[in-house]
Structure formats: structure tokens, C-alpha cells
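This document starts with one chain, in the form predicted on its own, laid out as C-alpha cells.
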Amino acid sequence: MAVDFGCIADDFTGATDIAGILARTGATVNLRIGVPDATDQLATDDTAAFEVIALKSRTAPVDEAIAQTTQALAWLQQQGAQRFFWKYCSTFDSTADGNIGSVSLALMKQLGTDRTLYCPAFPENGRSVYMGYLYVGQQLLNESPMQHHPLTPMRDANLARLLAPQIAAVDAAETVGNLLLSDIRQGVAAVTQRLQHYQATGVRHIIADAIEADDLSVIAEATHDWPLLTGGSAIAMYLPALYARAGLTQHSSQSAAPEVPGAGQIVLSGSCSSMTRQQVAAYRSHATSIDVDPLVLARDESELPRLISTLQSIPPESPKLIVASADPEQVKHVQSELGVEAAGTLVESALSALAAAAFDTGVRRFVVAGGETSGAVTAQLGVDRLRIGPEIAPGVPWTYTRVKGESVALALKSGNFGQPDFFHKALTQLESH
């Protein structure tokens, strides 16, 4: 099947987020982990109308992020894709140097397009943009818990101020414009007129307001034929129907969900977000908990084997919770002792080793919280492709794959997504399918 739409996500949970949103519409969706090998005939023979590629580039050096993303774009182009989406977090997560703008420019150049849209809003999950300012619930981004994110602390809610330096670092002539709610609420014609004005005046980067689903619908209708859109997953929900209406895709239904794997289960939490910490607290009463302390791991080489031994002593089907989440002050302390990168690498390595040990004991159902953790776990398990199943919460579907010939289910959750009962809800939902 030729690919109609290609999405490139800057982390693993973001990829499952947009894949789940697309699958919700009935679209046929593949999710691939990492850039597929162009010489792998299996990768090219079994494509879907909507292909999503998950990278681990959000906090990578700019040059590395650009290289990964443009390689992914080249593979999607080889499969026939004509329209593309650059997926980043709905909270615009970015390091100080920033990959969102620089990668967008690289994609624009490779596609030969003179404009793109930035639309991180996800009203269903409480992410909205008004007058160019990003809100998390009722809080400005910089006043939300995202200000304490250990890798991408967000200290400004003004998206133009965040984006402009990133694109100016590549090309000082680039400028940013805002597509305001006042235009969007007047409908598609008004939005189209505003976008045409920006095109005529050389404004190539447009940040869209949106506070309700209807706003996204209008924006999508006005821009769905652009070669490149960027943002959170919510606006992508409208694309399959728009493509089908325009005759741009063979919009088909998903095949039946695969069989539910064996009963062994585990939750691995590496995210330090406020919501994930609430989810950990809520799930402790349902599961046997094992806490991972990076400072102990760093000074005692016997700690990881001890944790694995403890895990192996718990029956596979018993609920288990592996926790490396911590509050902002604890995170700062660990980072000051070990360094930011070293602390993150140590935790990811431990959680991925515990995931592998869990699989070896018979665990086949994995819930993983945090983008970095999800990347480490899927890499350790050797996962390179996922089928998209039912949504657990907006932006978080169950996904299915095979590991060493065994059927495995994974829920890869962005740290901020879901409600406090998410872990219990996810595993209970899997029982009912």
C-alpha cells in the first residue's frame, strides 16, 4: 500500500499519541520505532496509508535531531507520502537550544515548501493556545508543573518568543506570525485570507490559537493540503476525513485488534511529571512497588541485580510497579550529584533492564510512563513496529507487537497524560478486550 501521510514524532509516547488519534478515526496506521532500513523489504512491503515514525530526538543535539528527522522524511517520501506532520509535545517541550524550529526548517527545505503551521493545542487534554500563549489547563505554561520538567523546563508561555530564537539561529531572516482566535472564529475563509497575507509578506512560520475542538477543525480544513504541518496530535484527528473528502487517500478501516497477550503485567514509571506522580501514588495500593534510587544505583553496583532479583520473586501475573519518578526537589538533588545526562541515562538503563527481566519472567503487558523511559524500554525489548489498539485515555492507546515470538501489549504514556487512575484503568481495560 502506498503511504498517503507520514508523521515523524520526536519521542515514543508522542508517536503513540498521534498514532492513537489517527486510528480513532478508522484510519489504517503503522507505528515504527526509529527510521526504517531502506533496504529492508519487509519495512517497505507492509506499509499503511498513515505511517508514524517514532524518534528519540526531543533532547538530542540539534544536528543529530535534524539528521534523524530528515532521514525519516526521506524514507516516507520513498514510500509515496505527499503530506507530512512533525509531531512534538502539546506543551511545546524544547531544550534551551531547541529542536522544534530548527527541525521544522530542515523539513521545509527538504520538502521545498515555503510555510508551515505550529499547532500544539490539544483541548481534550487541557492544552490550549490563546493570543499566542500556551495554557496547561487554566495555567500559563510557565506557571504549570512543566516549569519543573527535569529535561525541558518550560519558562515562557509565549510560543513566538520560544520559537523565534530557534529558527533565527538557522536563518536570521525567518519570522513568526500568529493565527489568532479572532480569525479562526470567522471560519475557513478568514483563516485562508490571513494565511495568504502571511505568505505574501514572507512570514513562513505561523503559530495557531485554538481553545476548542471546533477551532482545530477550522484550522485543519484551511491547511490540510499543505505539505508540512507541525504540532501536537489533536489537529491530526481531522486530517483523514479531509484527505478522504479531497480524494487524497484510500481511507480504510483498521483490521481486527490482535489477541490479548498473556496475563503477566508491570508498570514502569520514569516520568517525573506531576500527573505521573499522582498516578504512581494512586496505583501503589494495587501493586507491589519497587523503587529505583539513582544515587544508590550510582554508588552500589549490586543494586540493579538486587532490584532484578526482587522483581523475579514476584509472580508474573501479580500487579507490579517499578518507580523512578520523583518530585522536582529530589530530581534537582540527583542531577546536582550525578549530572543531568548521567542521571537520566542511569534511570533509563535500570528501567529497561528491569523491563527485560520482567519479560523473561513471563510479563507480556507493559505500561510505561515517560517518553525517555518508553524509548529505552522499547529499544531493550527489540521493538521496531507497533500496531495501534484502543485508546485508554486521549492520546494514549494500547499498542501490540511481538517480542521473541511472543505477543506483547504496551501502553506508552506521555508523563502528563491520563487521570490519576490511569495505570489501573489501562490494565483493567486490557482484560475486557
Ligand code: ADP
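Between two forms, the rigid core is the largest collection of C-alphas that superpose within 1.5 Å. The model shown is predicted, which means the values in this text are computed figures rather than measured ones. One-based numbering along the sequence shown.
Heads up, the form predicted in complex with the ligand isn't pictured, but that's what we're talking about next.
*Asks:* From the candidate stretches 278-286, 318-326, 301-309, 171-179, select the single one in contact with the ligand in the model of the complex, where contact means a heavy atom within 4.5 Å.
*Replies:* Every other range fails; the passing one is 318-326.
*Asks:* Pick from S104, S271, Q265, S90: which has a non-hydrogen atom within 4.5 Å of the ligand in the model of the complex?
*Replies:* Checking each option against the ligand in the model of the complex, the one that comes within 4.5 Å is S271.
*Asks:* Note which of I207, V347, I100, L239 lies within 4.5 Å of the ligand in the model of the complex, where distance is taken over heavy atoms; exactly one does.
*Replies:* Selected option: V347.
*Asks:* Are any of the heavy atoms in P397 no more than 4.5 Å from a heavy atom of the ligand in the model of the complex?
*Replies:* Judged by the heavy-atom cut-off of 4.5 Å, P397 is well away from the ligand in the model of the complex.
*Asks:* Does V218 make contact with the ligand in the model of the complex, using a 4.5 Å heavy atom cut-off?
*Replies:* No, V218 sits far enough from the ligand in the model of the complex that none of its heavy atoms falls within 4.5 Å.
*Asks:* With heavy atoms only and a cut-off of 4.5 Å, decide whether T373 touches the ligand in the model of the complex.
*Replies:* Within the cut-off, so yes.
*Asks:* Decide whether G132 counts as a contact residue for the ligand in the model of the complex under a heavy atom distance cut-off of 4.5 Å.
*Replies:* Heavy-atom contact with the ligand at 4.5 Å: absent for G132.
*Asks:* In sequence order, which positions of 399-427 have a non-hydrogen atom within 4.5 Å of the ligand in the model of the complex?
*Replies:* Result: S414, G415.
*Asks:* Honestly, after the rigid core fit, is L55 moving at least 2 Å at Cα between the shown form and the other one?
*Replies:* No: L55 shifts by under 2 Å between the shown form and the other one.
*Asks:* If we fit on the core, is the Cα of A213 displaced 2 Å or more between the shown form and the other one?
*Replies:* No; that C-alpha moves by less than 2 Å between the shown form and the other one.
*Asks:* When the rigid core is used for the superposition, does A160 move between the shown form and the other one (threshold: C-alpha shift of 2 Å or more)?
*Replies:* False for A160: its C-alpha shift is below 2 Å.
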